[in-house]
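Here you get one chain, nothing else, as structure tokens; it is the form predicted on its own.
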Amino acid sequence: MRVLVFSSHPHDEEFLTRANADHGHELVFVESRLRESVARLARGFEAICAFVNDDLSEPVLRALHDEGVRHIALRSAGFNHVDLDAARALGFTVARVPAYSPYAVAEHTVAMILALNRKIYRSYNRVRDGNFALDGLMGFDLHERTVGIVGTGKIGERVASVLSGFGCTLLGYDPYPNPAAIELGVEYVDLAELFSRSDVVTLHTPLTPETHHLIDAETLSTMKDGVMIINTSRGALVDTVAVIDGLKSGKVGYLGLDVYEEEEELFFENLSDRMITDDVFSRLLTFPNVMVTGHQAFFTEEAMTDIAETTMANLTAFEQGTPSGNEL
């Protein structure tokens, strides 16, 4: 089956090609991000493969349908960028990668907590400049600190597992409590209690209408002064403007973001020779207690292998007319 892979980078080509060895699809890679103006590239392809920042709104889906595309293979777990109602109405089959190495995102989450707390990124830059002063580098013991984990699926569970080793008090919120998390010592509470008790709040929940701007001015007002907020899940879980106000007031003491609600025009590209015109994002970067990484929490060899293999299996299942179990 001919498959057009949008938003392709060298690592996508490497891992997808390797996984395709057992499937035999004809993969064509393009760097272009999927949007309505480039949907015509899909002419002659039965399937396309899309990533998290590709546009799969109704106009784009209609354009793809007109070019003959019938299957959309998402190489991601998230699907908030897909108009599923329009996809169903147009007869598309949409399949995702519901799970891949949970260790990747969980370990990146803990790395951000440690780097922010112990000012590792600031210390690294100081030492390179010959500055060995300790002023401004004070951290705190994670031992006996309270960490609130919003979303305790596979990733949240792994975060709990790692942080239990630090001796943290673990709070969890999830409509579906995870027995494995309970065994790790997670105490399930409602969101209001989690926000008010936690020294660190880390987000591991999908983006839905109910979770959009889960962290906003109202919820921030209920948190401890100096709270640490980590988001390695979906950018729009956090109201960035409200968090900037919290940073300015001191309500937010530390902020770690691997995702950003307006990341589509920024992340996964090298913009080092251009001016960033997103004023909100630029303001974030001025704070010494903010660390932003470019949606790389998933980016390990193990996770990329899992994603590629599941994507190829989803494509083969569609070609053979059998469900993969990953359809939306």
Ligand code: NAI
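For clarity, every value in this text was computed on a predicted model and none was experimentally measured. Numbers follow the displayed sequence, beginning with 1.
One more form of this protein, predicted together with the named molecule, exists but is not displayed; see below.
Enquirer: Picking from 100 to 108, 132 to 140, 216 to 224, 248 to 256, which part of the chain touches the named molecule in the predicted complex when contact means heavy atoms within 4.5 Å?
Expert: Looking at the partner contacts, the answer comes out as 100 to 108.
Enquirer: Identify which of C168, I230, V150, V238 has a heavy atom within 4.5 Å of the named molecule in the predicted complex; exactly one of them does.
Expert: It is V150 that has a heavy atom within 4.5 Å of the partner.
Enquirer: Report the residue, out of A73, I155, V201, V186, that has at least one non-hydrogen atom within 4.5 angstroms of the named molecule in the predicted complex.
Expert: The residue in contact is I155.
Enquirer: I'd like to check something about R234: if you look in the predicted complex, is any of its heavy atoms closer than or equal to 4.5 Å to a heavy atom of the named molecule?
Expert: Contact with the named molecule, yes.
Enquirer: Do F195 and the named molecule come within 4.5 Å of each other in the predicted complex, heavy atoms counted?
Expert: Taking the distances in the predicted complex, the answer for F195 is no, it never comes within 4.5 Å of the named molecule.
Enquirer: So in the predicted complex, does any heavy atom of T205 sit within 4.5 Å of the named molecule?
Expert: Heavy-atom contact with the named molecule at 4.5 Å: present for T205.
Enquirer: Is E144 a contact residue for the named molecule in the predicted complex, using a 4.5 Å heavy atom cut-off?
Expert: E144 lies outside the contact set for the named molecule.
Enquirer: Going by heavy atoms, what in 12 to 36 lies within 4.5 angstroms of the named molecule in the predicted complex?
Expert: Going through 12 to 36 in order - heavy atoms within 4.5 Å of the named molecule in the predicted complex - there are no hits.
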